[in-house]
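Encoded as C-alpha cells, the following chain is the form predicted alone, with no partner shown.
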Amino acid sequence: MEQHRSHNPNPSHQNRPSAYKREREDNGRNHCENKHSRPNRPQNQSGPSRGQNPHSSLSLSTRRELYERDFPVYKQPVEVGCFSLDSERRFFNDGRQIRYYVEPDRRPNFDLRDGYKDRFIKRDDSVKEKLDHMLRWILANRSKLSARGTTASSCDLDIDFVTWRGHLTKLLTAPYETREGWQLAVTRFRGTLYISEVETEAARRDQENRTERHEEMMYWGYKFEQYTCADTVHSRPDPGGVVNTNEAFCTVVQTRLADHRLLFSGEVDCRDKDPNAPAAPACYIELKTSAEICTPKQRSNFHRFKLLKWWAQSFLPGVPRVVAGFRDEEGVVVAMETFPISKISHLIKNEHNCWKPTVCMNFCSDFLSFVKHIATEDNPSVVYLLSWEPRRDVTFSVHRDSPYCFLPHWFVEEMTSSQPSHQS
C-alpha cells in the first residue's frame, strides 16, 4: 500500500498544513507549554463549544478541505497473529475459526431469511467487551511486541496505538459521516495509547428501538456468510446449520500510518482456499450484502456511502477484495459482484463531490496526532474521552477513576510484572 502515498486527487493542496498542525505552528511555544499542563487541570474538563476556534488545541476539525493533502505513508499491513472466539465467545490464541470461501453461481438465489426463526444464536449485544480480546492476545504474544533494543522481558510494546479495526474505520469515514457520532476512550499505559469505543446515548436508543425487520436484516449478512463459507478447505458450505454470531476469527495486524505505529485487530469473514493464495492478510475476503441496484440514483448512493465504508474497513488491514451479494426486498440474493479494494477509488471518480481516500487517511493520521498531543498522562485509571457529532469538531474531556476506565486489572497487573506471559 506504500504506492498510495502519491495518490492525490487535488495536487494544489499538497502543502496545506493540517487543522491541528496549523494551530500548533501558529501558537508556538506557549501552546507547547499548555499541552503539558492540561492533564493537571480539573478532571472532566471539556473541549470548547462550537462557537470557538475550529483549529483550537482543544478540538480537531473534520472539515474535508483541511485534509486534501498528499496521501500519507501507510505501510503494507503485516499479520503478526490471529485469534478465535468460539460458540460461547471464549478466546483461543489460534486460527481454529477460520473459514474458506466457496464461490457461488453469479445468480445464486440464496434465501437469507432461512433459519432466522429456528437456527440463529445471537451474541448478547449488552455485553461490552471493549478491548478485552485484543488484550488477551497481547498478553499471549507479548514477546513478539517487545520494544526493539530492550530485553525479552521488557513490558513496553513497540507500538503507539492499540485498538480495533472498527474504531479506525469510524475515523476514516468521519469527514463524510452525516448521521452517527461516536465517543472513543483513550488511555496511555506504559507508553502505548489504547483506544476503546464508548456507546453513545443515540446508539443505545437505536439498539433498544430496533424493529423486528431491522433485526432480521442484520441476520441476513451472517446467513450470506453461511452460504458462501466452508469450515475446511475440502468441505462445502452448510446452509442448513445454525448461525451463531458468537463465533469469530480475528486477524491482528501491525502497520504504520505516517509516524503512528499501529496494532489493531479485526474480524475476518473467510480466506481464499487456493493453496497458492498469497499469505495473510492478502488471502482474506470480506463478505457483504446490499440491496440490488436498479436505478442510477441507487448506484450513485451505493458509490457515495456504502463503498466508502467497505473500502475503509478492508483497506486498513490489507484485505484485497470484497465479495458482495445483492439481494431483493424479500432477502433473496439475486446477483454477485467482486470489488477489488484497489479499484474502488476508480469506481467513484466520476461521482460529483464524492469521498476521497486521501481525506479519510489524512484525517485519521491527524486524529492520532491530536490524541498523542492531549493524552499525556501515563496512567491506566485516566481516560481521555474524545467525542464527535457530524458537522462538529472533535472535542475531549478527562476522567480519572471513572466508569470510562477500560483497561482491566488482569491486563495492567500482567503487563507490569517482570516476565512475559506464555498463555496458549
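Sequential numbering from 1, following the sequence displayed. Predicted, not measured: the structure shown is a model, and the values here were computed from it.
As for the form predicted together with a small molecule, it is not shown, yet the points below apply to it.
Even though the small molecule is not shown here, does R188 get within 4.5 Å of it in the predicted complex, heavy atoms only? Looking in the predicted complex, residue contacts with the small molecule do not include R188, since no heavy atom lies within 4.5 Å.
So, G325 and the small molecule: in the predicted complex, are they within 4.5 Å at any heavy atom pair? Contact with the small molecule, no.
Using 4.5 Å between non-hydrogen atoms, is G166 touching the small molecule in the predicted complex? Contact with the small molecule, yes.
Would you please decide whether K288 lies within 4.5 angstroms of the small molecule in the predicted complex, comparing each non-hydrogen atom pair? Residue-level check for K288: yes, a contact with the small molecule.
Of 263 to 271, 70 to 78, 345 to 353, 233 to 241, which is the one stretch near the small molecule in the predicted complex, taking non-hydrogen atoms within 4.5 angstroms as near? Careful reading of the contacts points to 263 to 271.
Contact assignment for the small molecule in the predicted complex, among R123, R210, R96, K144, heavy atom within 4.5 Å: Spelling it out, the residue with a heavy atom inside the cut-off is R123.
Which listed residue (H303, R119, K130, R256) meets the criterion of a heavy atom within 4.5 Å of the small molecule in the predicted complex? Of the listed residues, the single hit is K130.
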